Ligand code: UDP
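Taking the form predicted alone, here's one chain by itself in structure tokens.
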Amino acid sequence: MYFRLMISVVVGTRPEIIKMAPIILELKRRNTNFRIVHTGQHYDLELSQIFFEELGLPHPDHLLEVGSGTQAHQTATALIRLEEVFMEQEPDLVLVEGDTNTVLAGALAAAKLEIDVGHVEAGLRSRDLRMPEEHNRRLTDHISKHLFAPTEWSASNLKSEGVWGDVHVVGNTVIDACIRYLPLATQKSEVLERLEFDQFALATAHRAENVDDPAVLKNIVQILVDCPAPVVYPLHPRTEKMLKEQEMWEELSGSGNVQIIPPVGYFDFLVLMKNCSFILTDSGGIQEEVTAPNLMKKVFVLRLSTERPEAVETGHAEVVGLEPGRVLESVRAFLESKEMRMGESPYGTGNSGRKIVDILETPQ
């Protein structure tokens, strides 16, 4: 074990906080010396504080207020500010999660200062080079000392690329989070009381390659309006902006088949996932969450590729693209089927956070 191991845990977005939460709580339980650095990549910092409280996490030690911006500006701002923090903290290890600009900036800043990097959720690959996340995750993997792959498939990606770090298959901490927080969410959330429908499909769409393309956005609107089940749609601000700019807002909001609601917190979203009939999404993380043993939902992936093929193999996810006819045909087949078998979660049983901390505290 490192002598008085000091870990800097870097987060920047809501999904990162959720997936780091099991690790942070395990570090806290063991009295490990750690600090939380929040870049504030997409967050209103006041709302972010509430989010940490909801998950029972310590407040961040550093709030960097990076904010939004172009890919280069956001990454560069985070890189500069994280370097300053790491020089002050002098950690033995910087831990990052996922594939955001915060992740790449944190890994680069640490590597330049000769600080070890641990990458949680390493080895995911979509091979879709339109996605900034694909570049972020690939670069981060190649400068990390510890690569925490969720599955054997992601580990095989790393090994085939010849990464220099140590690859560990540990599952995905999002399963830990679902198991830990869904019971609490069920007690606290009142989101179902605000819904117009008793039975519903849940939809999300926010990726730039989808909502910034008017033709693709039009397809998404048609899919939701014509969906054979009523749709509840927590609307991302980016998507709402594009819908109004492209004059598609009235068609969607006035369809009668879609209830648009404001963005929801983690607890509300867990409850929506638990109670929906199925999910339509372009999200990556949701493809993992639906495999949790206390959720077990079908998700239709509104993309041309996925970096989570394991969820497809177990029957939880189906990549359906963005052509309305094909998407709706798949949805109808699901609703009409008498047997839709889903396997066990390919992302572990809920002990990934413990496994990661075990590895970090093992003598090197």
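Throughout, we count residues from 1 along the sequence that is shown. Since we're looking at a predicted model, the values are computed, not measured.
One more form of this protein exists, namely the form predicted in complex with the ligand; it is left out here, but the text below deals with it.
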Self-check item: Site check Val231, Val331 and Phe334: each within 4.5 Å of the ligand in the model of the complex by heavy atom
Solution: no
Quiz prompt | Among 269-277, 223-231, 150-158, 248-256, the region lying within 4.5 Å of the ligand in the model of the complex by heavy atom distance | solution = 269-277
Quiz item: Which of these residues, Ser283, Gln89, Ser189, Ser126, gets a heavy atom within 4.5 Å of the ligand in the model of the complex?
Solution: Ser283
Practice problem: Go through Val163, Ala111, Val264, Leu182 and name the one with a heavy atom inside 4.5 Å of the ligand in the model of the complex. | Solution: Val264
Exercise. Examine Arg14 and determine whether its closest non-hydrogen atom to the ligand in the model of the complex is within 4.5 angstroms.
Key: yes
Quiz item: Heavy atoms within 4.5 Å of the ligand in the model of the complex: does Phe51 have any?
Solution: yes
Quiz item: Within a 4.5 Å heavy atom cut-off, is Arg81 in contact with the ligand in the model of the complex?
Solution: no
Quiz item: Using 4.5 Å between non-hydrogen atoms, is Glu289 touching the ligand in the model of the complex?
Solution: yes
